[in-house]
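In the block that follows, a single chain appears as structure tokens, in the form predicted on its own.
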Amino acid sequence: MRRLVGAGGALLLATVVIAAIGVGFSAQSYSAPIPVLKATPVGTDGTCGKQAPRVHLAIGAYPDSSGVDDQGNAVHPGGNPDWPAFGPSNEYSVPAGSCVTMTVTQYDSGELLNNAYFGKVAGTIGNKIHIESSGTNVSHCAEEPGAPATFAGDVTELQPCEIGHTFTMRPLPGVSPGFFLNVPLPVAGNYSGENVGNTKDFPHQTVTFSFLAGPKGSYSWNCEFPCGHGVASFGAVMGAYGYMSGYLHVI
């Protein structure tokens, strides 16, 4: 009898521990390492195809998560210098039904996207993005995948060798089944992965796009470019919340 009670107690303890771990991971998945970035209202217009309140979000993609952005804000608190990250936050909030215009400044280098599908723009207004390059380098993909590429205008697709990261967003289950957003971010040519965040001194790509926010709820985003370590380069930073992943909260 005593052994049975002991076994039952051990089972109960194991259940509690597993539950605690589950709660911990769940809480972590919704806990931004930096405060949620709220979109800035910029009036009402027809940018998204109809008259709607328009808001703006500005973020960056950096090769060094221990670095700072243009305003001197930490990209990621306690960030790993060997890991890239989006900053100055990985969680954003926008009003439901608003027209969201995002500006992403991409500083990082790249190699070769392993799935050409994520080189295609999807879910933005017109299924296009606008790119302005800071330099004059031209990509020669055949000779050097991941070489700096030069753009000046709207594009609907990037070649697998021209991409440094992607900003890919889906709704959580039960929120908005038809919503999907994919924005490929072109390589900027910073091979050294230095502590960068100054648009005056470092090569970068400025990517602008708009989309219509869906109904209220949380939408998860992640990078689909294999920029980590381990199996297929999808380990390490790719599995650590707050670097290459986050949430858009539609409120």
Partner chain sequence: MSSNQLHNDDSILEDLAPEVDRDLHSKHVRGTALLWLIMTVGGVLCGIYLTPRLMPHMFAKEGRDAVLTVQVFTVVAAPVAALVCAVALYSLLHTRHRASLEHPPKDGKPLRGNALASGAWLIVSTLLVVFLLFWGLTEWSAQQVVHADSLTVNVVGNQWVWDFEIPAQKVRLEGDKSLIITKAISMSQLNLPIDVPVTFNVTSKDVTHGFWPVNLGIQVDANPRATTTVHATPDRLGKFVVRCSQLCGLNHAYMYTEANIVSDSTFEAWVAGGATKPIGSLIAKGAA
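Everything numeric here is computed off the predicted structure, so don't read it as measured data. Numbering follows the first chain given and starts at 1.
Only in words, not in the display: the form predicted in complex with the partner chain, which the text now covers.
In short, of 34-42, 47-55, 213-221, 62-70 it is 213-221 that has heavy atoms within 4.5 Å of the partner chain in the model of the complex. For the chain shown alone, residue 155 is not a contact residue for the partner chain in the model of the complex, no non-hydrogen atom being within 4.5 angstroms. Residue 174 belongs to the set of residues with a heavy atom inside 4.5 Å of the partner chain in the model of the complex. The partner chain is not shown here, and in the model of the complex it never comes within 4.5 Å of any heavy atom of residue 92. Although the partner is absent here, residue 178 sits close enough that one of its heavy atoms falls within 4.5 Å of the partner chain in the model of the complex. Along 112-132, these residues reach a heavy atom to within 4.5 Å of the partner chain in the model of the complex: 114, 115, 117, 118, 120.
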